[in-house]
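Given as structure tokens, the chain that follows is alone and in the form predicted alone.
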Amino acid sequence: MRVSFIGLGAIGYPMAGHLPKRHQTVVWNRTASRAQQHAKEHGSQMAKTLEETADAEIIFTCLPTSAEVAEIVDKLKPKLRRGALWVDCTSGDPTASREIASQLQTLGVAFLDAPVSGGVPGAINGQLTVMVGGDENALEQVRPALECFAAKIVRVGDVGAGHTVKAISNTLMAVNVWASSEGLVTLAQQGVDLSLALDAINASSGRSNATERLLPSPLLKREFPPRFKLALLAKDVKIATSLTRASGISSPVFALISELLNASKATLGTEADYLEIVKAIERWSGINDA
């Protein structure tokens, strides 16, 4: 198949790197040098213009927000193939996705919202989980391409369902990371050896992905490599909070974690990684976070 991939960010870059092994792949990025680097490294073809990506059977987008996706769709509308499939791997807004899907349907283009989970390591290793919203037949058509970078593909409902599940999933993760960070910072201040504490917690009722995989390196080694921007996590939690309110669900925990993430973003800056919330908690507690 001829595949286009738009958006070569931290996760999109390695995701797209798996596609040329099985499919003819054209890549485009707002910063052209990144697409050029991808072509050299992975054997993809760099699109010199955005319009060149329209001539594909499958178009992937992996962008910061649904607003960027809508902008790209608007630019490519006149050149899209009837019968093409648009797969949006952005952690997007389900309402916006349904609007985009409706626009594309009038052009004979099917839309799937297909956000991913697994982070940069999962993208590099081709072990991502994809939560898909949209037509089942369309999913089967794009499955061979998705399988290039995914270990698990789950259709969770109609268009918008994928982005809904991703927003809720990321909010649950944020709650776990925040609560675990508070607890582990407290243990450190109490003079407890964190490596020993984590060994006990991870064999006990308090264990989670946060304590087992995400936080040991930041807390024990003070390593904070870029994984996923705090600003993007705050965006996802805002989406989830809006969904709970629209559904009439009482969600004080979601509302609180949204406020905390925004406060930590103000403290750490918009480029901070989401696991740097450990630093925010330390600063607010008067602890040196060096």
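Here the structure is a predicted model, which is why all the values come from computation and not from measurement. For every residue, the number given is its place in the sequence shown, counted from 1.
The next section is about a form of this same protein that is not shown, the form predicted in complex with a small molecule.
Judged by heavy atoms within 4.5 Å of the small molecule in the predicted complex, the contact stretch among the candidates 114-122, 142-150, 78-86, 199-207 is 114-122. Mapping the unseen interface onto this chain, Ala10 counts among the residues with a heavy atom inside 4.5 Å of the small molecule in the predicted complex. In the predicted complex, the small molecule sits within 4.5 Å of a heavy atom belonging to Cys62. Among heavy atoms of Lys40, none comes within 4.5 Å of the small molecule in the predicted complex. Shown alone here, Ser250 lies farther than 4.5 Å from the small molecule in the predicted complex, counting heavy atoms only. The contact with the small molecule in the predicted complex, taken as any heavy atom within 4.5 Å, belongs to Glu71 out of Glu182, Glu71, Asp158, Glu212.
Of the residues given (Thr171, Ser97, Ser91, Thr164), Ser91 alone sits with a heavy atom within 4.5 Å of the small molecule in the predicted complex.
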